[in-house]
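Only one chain is shown below, in structure tokens, and it's the form predicted alone.
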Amino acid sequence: MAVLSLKEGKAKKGMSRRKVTDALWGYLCVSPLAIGLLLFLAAPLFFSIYVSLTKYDLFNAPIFVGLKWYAQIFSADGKEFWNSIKNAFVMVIGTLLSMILALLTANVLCTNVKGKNVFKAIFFVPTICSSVATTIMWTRMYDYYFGTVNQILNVFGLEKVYWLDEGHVVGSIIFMTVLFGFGTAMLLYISSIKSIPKSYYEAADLDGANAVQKFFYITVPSVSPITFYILVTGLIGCLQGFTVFQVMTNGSPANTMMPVLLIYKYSGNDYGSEYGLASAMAIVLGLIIAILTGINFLLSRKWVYYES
């Protein structure tokens, strides 16, 4: 019995060493990602929270001011920030239109239409192009004097339009972002539609359902998880929009001033080095995104359907 217990003790010791070794290898494998998250996510976040409580211009030592900047954001002086939030919500129209266009296009390309692979490539190529290059190209196309869009209008005898003035710029940017960004959503919808069991459509055929009914009662509910994903990421993308607006308008006219662009300006561009105020705006923007994402997850229980 003593010999047997000694062997069991050695086996347990060997198992414990194996567990320690496995744990060390596990921590070693996740360490690059963990270190990256700490250095480039956690550290900047905590530093931003600290700076948002100070008056800081990058050159002089921070001066603690408490919740001054947060109070300013939620006072009448914070109107510019909330207007930028409103502008971002207006741009959500582009996300919704892009989703609709992507779903309709994906539904068509999942049929036996000829040349569907060519169309997939054509629709997806803009999404892999540089957003800066694409925005510059569209800015040239919208140019009043030499832009392609106005040249086409001249061919049909129509007057030129200032596409980037206050009355037209929002529609112009939404049109550009819809065409620029629906390719990825289209591919996601295609993969989701192809995973729908064919028995659903066969049963609908037996019940005499037409194409429109099958689309709204089978396809749309079945792809609702993908729709939810695109909606959440698109909403976050609108609230964090920067490149397109910085390159195309730089926040002028005022209805194209986005929250991140405003934060960028306050952190050291046109408005001077107000890092404390800019950090406070960033924290508030992050909280708004977190709250809206949470609301979307709660509401998703009502309209998102999973196979399980």
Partner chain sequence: MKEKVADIRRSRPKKKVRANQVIGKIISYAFLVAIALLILIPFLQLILNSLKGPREVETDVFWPTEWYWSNYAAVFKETVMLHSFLNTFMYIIPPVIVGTFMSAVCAYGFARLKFPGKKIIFGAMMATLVIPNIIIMVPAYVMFANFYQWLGTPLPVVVPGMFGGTVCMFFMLQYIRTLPEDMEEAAMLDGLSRGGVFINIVFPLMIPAFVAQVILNFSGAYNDYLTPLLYLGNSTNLFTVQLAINQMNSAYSVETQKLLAACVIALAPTIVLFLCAQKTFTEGITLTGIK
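Small disclaimer: the values here were computed from a predicted structure and weren't measured. Positions refer to the first chain, counted from 1.
Form predicted in complex with the partner chain: not shown, discussed below.
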Check V247 for me: does it contact the partner chain in the model of the complex (non-hydrogen atoms, 4.5 angstroms)?
yes
The partner chain contact in the model of the complex: Q240, any heavy atom under 4.5 Å:
yes
Taking the shortest heavy atom distance, is Y271 within 4.5 Å of the partner chain in the model of the complex?
no
According to a 4.5 angstroms non-hydrogen atom cut-off, is A278 in contact with the partner chain in the model of the complex?
yes
Candidate spot L37, V260 and L285, all three in 4.5 Å heavy atom range of the partner chain in the model of the complex?
yes
Interface stretch in the model of the complex with the partner chain - options 108-116, 163-171, 90-98, 216-224, non-hydrogen atom within 4.5 Å:
108-116
Residue (of L67, L45, I63, A254) lying close to the partner chain in the model of the complex, criterion heavy atoms within 4.5 Å:
L45
May I ask you to choose, among L235, A204, I85, L187, the residue with a heavy atom within 4.5 Å of the partner chain in the model of the complex?
L187
Residues of 48-67 having any heavy atom within 4.5 Å of the partner chain in the model of the complex, listed in sequence order:
S48, Y56, L58
